[in-house]
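As structure tokens, one chain now follows by itself in the form predicted on its own.
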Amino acid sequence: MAPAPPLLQLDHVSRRLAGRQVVADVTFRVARGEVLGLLGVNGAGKSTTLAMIAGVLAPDGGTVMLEGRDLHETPAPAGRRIGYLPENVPLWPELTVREYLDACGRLRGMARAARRRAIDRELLRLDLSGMVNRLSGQLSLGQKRRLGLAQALLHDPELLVLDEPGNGLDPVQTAQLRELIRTLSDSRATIISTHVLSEVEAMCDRVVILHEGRVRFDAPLASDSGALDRAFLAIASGKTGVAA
């Protein structure tokens, strides 16, 4: 019997923005139950890659496959299976926390009772219950990040795509985020973009390093914690090519 396809697969994906090649020939896959860290310096192409995975941008070349089907050929059904937290959280500042989450649920076609249950679940899980009546635009950066994560989880997606989820979080909230990611990963695939090595080491099973829009390293995290540091520094300084 042939092995089941990965939940997510990128095959030779490329994208140009403003006349510049931002992502070039990127290929990797993510299985259910796996947490993949997408690591790279600022400008490496991480956010553009995640936007293509989330269906926000279409690739110029190559394919993004969700369980064997081209995500960009059937964007609406695929979108219901994906939870996306972009680097800049898309809030409506005039809505309260509960109103914002309710609007996100309605946009995803969730019934009223299902929305209510999901909102209460995520408010509790993300420690937002005490601020349901606060305006989204008046939240701190860390609170906005947690609200953005709540909307990404609201519809219980199979694929969770998180762009710099730790930005703006204090040390306690960062520890809570790491624990949350580990508990969520059993039933879904998770991709976390970051430029912080310690976040990858704390949360991820495997790491893909992007540099200048290309995959330079793709491997499970080794037991030697210094190996990833050395690989990242070598790639960022241009001392090595593609590794696996």
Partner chain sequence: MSMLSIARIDLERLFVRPFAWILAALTLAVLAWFFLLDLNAFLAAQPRLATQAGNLGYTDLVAAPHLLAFTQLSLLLAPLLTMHALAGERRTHTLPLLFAAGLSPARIVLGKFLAVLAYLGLLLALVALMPAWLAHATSPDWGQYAAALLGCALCIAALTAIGIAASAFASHPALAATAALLVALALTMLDAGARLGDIDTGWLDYLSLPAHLTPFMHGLVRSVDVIYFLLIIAVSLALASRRLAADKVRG
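Remember, predicted model here, so these are calculated numbers, not experimental data. Positions refer to the first chain, counted from 1.
What follows is about the form predicted together with its partner chain, which we do not show.
Among the candidate residues 162, 104, 97, 150, which is the single one with a non-hydrogen atom no more than 4.5 Å from its partner chain in the predicted complex? Of 162, 104, 97, 150, the residue with a heavy atom within 4.5 Å of its partner chain in the predicted complex is 104.
Selected contact from 125, 134, 117, 108, since only one has a non-hydrogen atom within 4.5 angstroms of its partner chain in the predicted complex: Checking each option against its partner chain in the predicted complex, the one that comes within 4.5 Å is 108.
Looking in the predicted complex, any heavy atom of residue 56 within 4.5 Å of its partner chain? Residue 56: yes, in contact with its partner chain in the predicted complex.
Is the gap between residue 113 and its partner chain in the predicted complex 4.5 Å or less for some heavy atom pair? Although its partner chain is absent here, residue 113 would stay clear of it in the predicted complex, with no heavy atoms inside 4.5 Å.
Check residue 75 for me: does it contact its partner chain in the predicted complex (non-hydrogen atoms, 4.5 angstroms)? Result yes; residue 75 sits at the interface with its partner chain in the predicted complex.
Wondering, does residue 234 line up within 4.5 Å of its partner chain in the predicted complex on heavy atoms? No, residue 234 stays farther than 4.5 Å from its partner chain in the predicted complex.
Just one of 166 to 174, 137 to 145, 76 to 84, 117 to 125 has residues with a heavy atom within 4.5 Å of its partner chain in the predicted complex, so point it out. Looking at the partner contacts, the answer comes out as 76 to 84.
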